[in-house]
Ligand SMILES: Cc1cc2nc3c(=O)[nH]c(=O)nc-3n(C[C@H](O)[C@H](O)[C@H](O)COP(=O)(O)OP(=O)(O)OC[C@H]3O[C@@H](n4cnc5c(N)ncnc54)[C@H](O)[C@@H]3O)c2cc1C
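In the block that follows, a single chain appears as structure tokens, in the form predicted on its own.
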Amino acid sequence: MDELTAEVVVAGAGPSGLMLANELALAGVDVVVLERLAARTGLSKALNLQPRTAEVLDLRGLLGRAEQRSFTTVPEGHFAMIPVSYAGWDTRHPYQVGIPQAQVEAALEERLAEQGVKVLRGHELTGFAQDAGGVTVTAGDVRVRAAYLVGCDGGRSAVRKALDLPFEGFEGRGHGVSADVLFASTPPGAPTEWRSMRNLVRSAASPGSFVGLIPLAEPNLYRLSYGDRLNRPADLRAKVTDDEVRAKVRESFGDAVEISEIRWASRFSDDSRLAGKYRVDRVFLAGDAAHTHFPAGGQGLNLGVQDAMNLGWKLAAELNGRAPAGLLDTYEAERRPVAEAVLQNVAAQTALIPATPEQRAMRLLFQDLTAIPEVQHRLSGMVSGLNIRYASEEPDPVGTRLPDFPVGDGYVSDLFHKGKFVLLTTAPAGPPHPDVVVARVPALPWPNLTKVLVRPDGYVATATDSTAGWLA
């Protein structure tokens, strides 16, 4: 048995786990990443970065790596496949970045390697025990002693199950399938580039069902998505056969459409679940280990990456002796309500997949309402993550995201590349704490303020220069 030591063990090398490991390594934390798979599969269930996730990556200088691997940008999101514009939000990234999940993982793992951290692949977490001094994690023939363990190991999380935490929510009635399909020629009426959320979904044959095509980077390669929210197979883990995919294509697009190749296919449920807790002593959950839902609105990967950003700087502060009492508890207090809100909007979106004449009428009415600018703004804020505000007794902008704006030869986001707190001030000021970067700016986005202290994850901590409650 190989014996290792670390400050943090991250179980799972998906986007959440890799983002968390990067955050910890940036702060000088000794981190070990365990991944049960021997190699990355190259498969990509998720296809996008939402605007807030683009901002989060930009705060760490990681967005450029992702954009180099992306194949499009889309200036709108969708709510139940009804397009909602990102115009009107104060962001430098009012668009979805079209990028396969595998490429997000590649970009994050590349940066992690540059920081001297390797992913231990083929090492599935098989058990752990925690005590007052730390956590002992076993993964096959490797045992790691660490101060903390974070489960980023997906919806069937072994970490969550070992903690015996309830996975609260409801079991859906339906299912969906995603498949990457190469057609011999462009299907009739299908877009050849992904530049909009319009005309991606077609009416399906039966009530409560849906089918859609998103063009990918390669000519005639599409992400085919279809499903039925009223019926699900007896075994959700059953392999999606080529015959099933071909039959759905014929039903939806006609017998003349020829498939050259089905590269992969995967079935998913419309279950909606949230972990009863995000923390049990020295063990935390993030990403799909903490929450799962139907992939409506393209929010899942994004929710997990933002979990990791929130937890990463707080764990690092604790381990580096900079955290005040209770800081680690704010992770669950802040991120669990965000996940609850996502699960609620996903439930509303699935309800807008019509199964009855009354629901079809409701969807048409809802489509009309989305033409109202205020409705567009509200819905796009939900799915993009741009509307997140962490609860605070202080008035706005405390708890809200800092909009990016020009500073000198760059942008204010450049000041966060090292993962520090940043004090933005319109007057000369010294650092209130060794872990605070001070930047003088001509003006702030809030004209009535002269200074704001901003957290490493880009949310306003206070409208003063006080670090009380944030840094010890």
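One rule holds for the numbers: they count along the sequence shown, beginning at 1. Source: prediction; values computed, not measured.
Absent from the display: the form predicted in complex with this ligand. The rest refers to it.
- Although the partner is absent here, residue 268 is a contact residue: one of its heavy atoms lies within 4.5 angstroms of this ligand in the model of the complex.
- With a 4.5 Å cutoff on heavy atoms, residue 154 counts as touching this ligand in the model of the complex.
- Mapping the unseen interface onto this chain, residue 34 counts among the residues with a heavy atom inside 4.5 Å of this ligand in the model of the complex.
- Residue 57 falls outside the set of residues with a heavy atom inside 4.5 Å of this ligand in the model of the complex.
- Between the options 308, 275, 301, 379, the residue in contact with this ligand in the model of the complex by a heavy atom within 4.5 angstroms is 301.
- When this ligand is considered in the model of the complex, only one residue from 349, 209, 101, 370 comes within 4.5 Å through any heavy atom, namely 101.
- Exactly one of the stretches 325-333, 282-290, 109-117, 68-76 approaches this ligand in the model of the complex with heavy atoms within 4.5 Å, and it is 282-290.
- The candidate spot formed by 13, 124 and 178 is fully in contact with this ligand in the model of the complex: every one of the three has a heavy atom within 4.5 Å.
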